[in-house]
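Take a look at this single chain, the form predicted alone, given in structure tokens.
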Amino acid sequence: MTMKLSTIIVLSQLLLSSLSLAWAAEPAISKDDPPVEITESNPEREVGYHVGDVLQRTITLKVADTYHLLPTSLPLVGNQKKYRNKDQGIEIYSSKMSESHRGGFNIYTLVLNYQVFSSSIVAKPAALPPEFVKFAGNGKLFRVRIPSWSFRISPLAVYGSVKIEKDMSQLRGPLLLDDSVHRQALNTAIGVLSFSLLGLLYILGNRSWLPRMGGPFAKANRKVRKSSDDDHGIKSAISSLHQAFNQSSGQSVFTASEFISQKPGFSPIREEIEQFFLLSRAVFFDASTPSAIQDPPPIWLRKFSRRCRDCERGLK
């Protein structure tokens, strides 16, 4: 009996000593622990999360380079979080750590992803509970507490009637609509409008804003449009057009074939060019020269100069 009692006492002492060693090995948060600077980066919003959503936290731990974080103390993937011994419906989806060294400090960056797999018919509060990580160095072993972060889990469907003006939480933020399709359509319409206006400017413009807009016939067209309807105005308009023909071909021309051989782009108005040279001969040299134009000379010259300007710009 005495032998059995002594054996029980010895076993009890061994059990107590092992428990005391295990308790001593578990670090406790103490004021004497080395300082660790903690920086949190939590999700932007605190409400509106549903079952299946993933919440990401980024924690930065900065400690003197004589201490290092124990990787074995990182949160375990798949570990369900509890509050007062009850499952919250939140588990660690992934855990990633990166390490850097700068200015005599070790900097650890933890990227923790939590997934929600709980739902309810009403919005309910939840929290990413505090995490504890361990550091070692200089003969010390201590742990650091990462603060918790509170949020709310929303139901997938709303039961009953809801007045939206009474459901506008200040934490929700504005309800934004996706306008990417409309914005793309607007940008397309603006592009088509700009191209159309540029085309109209090129067709109707009289100034040299764009390439091939300041040619000899463009200048002659401006002069013809401003000329008067009397004999002096007709002669001035014809002289301006003669000067444009000479400048465009680089030499003096008197027939349509001679000009078109050098400027094939004017072939669509060959007949009108021939009528112009006949009109010029009738005005300056021989009034009896027949002219095939149907309109009065001032009106016909304005139309002809416009046609020449369009051919000069490549508008056929």
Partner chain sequence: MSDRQLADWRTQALQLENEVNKVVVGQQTPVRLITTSIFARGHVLLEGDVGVGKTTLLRAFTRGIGGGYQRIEGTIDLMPNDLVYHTYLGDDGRPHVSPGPLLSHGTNLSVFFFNEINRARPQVHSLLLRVMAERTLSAFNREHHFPHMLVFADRNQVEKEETFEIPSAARDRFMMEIPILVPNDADIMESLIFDTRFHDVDALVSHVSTDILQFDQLNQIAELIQSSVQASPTLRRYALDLWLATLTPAKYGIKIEGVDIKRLVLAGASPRGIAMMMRAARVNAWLNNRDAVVPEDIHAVFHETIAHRLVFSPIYEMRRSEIARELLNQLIRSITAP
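These numbers come from a predicted model, not from an experiment. Residue numbers count along the first chain shown, from 1. Heads up, when I say rigid core I mean the largest set of C-alphas that superpose within 1.5 Å between the two forms.
Just so it is clear, the following notes concern the form predicted together with the partner chain, a form of the same protein that is not shown.
Novice: Please identify, from 63 to 71, 39 to 47, 266 to 274, 251 to 259, the stretch that has a heavy atom within 4.5 Å of the partner chain in the predicted bound form.
Specialist: Of the stretches listed, the one contacting the partner is 251 to 259.
Novice: Could you spot which one of H242, R152, R143, K219 gets a heavy atom to within 4.5 Å of the partner chain in the predicted bound form?
Specialist: Flagged contact: H242.
Novice: Which one of N246, S148, N79, S120 is close to the partner chain in the predicted bound form, taking close to mean a heavy atom within 4.5 Å?
Specialist: When the partner chain is considered in the predicted bound form, the option within 4.5 Å is N246.
Novice: When you measure heavy atoms, are S280, F284 and S288 every one within 4.5 angstroms of the partner chain in the predicted bound form?
Specialist: Answer is yes for this spot.
Novice: C-alpha of A64: shift of 2 angstroms or more between the shown form and the other one, rigid core aligned?
Specialist: For A64, whose C-alpha is compared between the shown form and the other one after core superposition, the shift is less than 2 Å.
Novice: For L279, state whether the C-alpha moves by 2 Å or more between the shown form and the other one after rigid core superposition.
Specialist: It does, since the L279 C-alpha is displaced 2 Å or more between the shown form and the other one after the core fit.
Novice: Does G250 move its CA by 2 angstroms or more between the shown form and the other one when the core is aligned?
Specialist: The answer is yes, as the C-alpha of G250 shifts between the shown form and the other one by 2 Å or more after core alignment.
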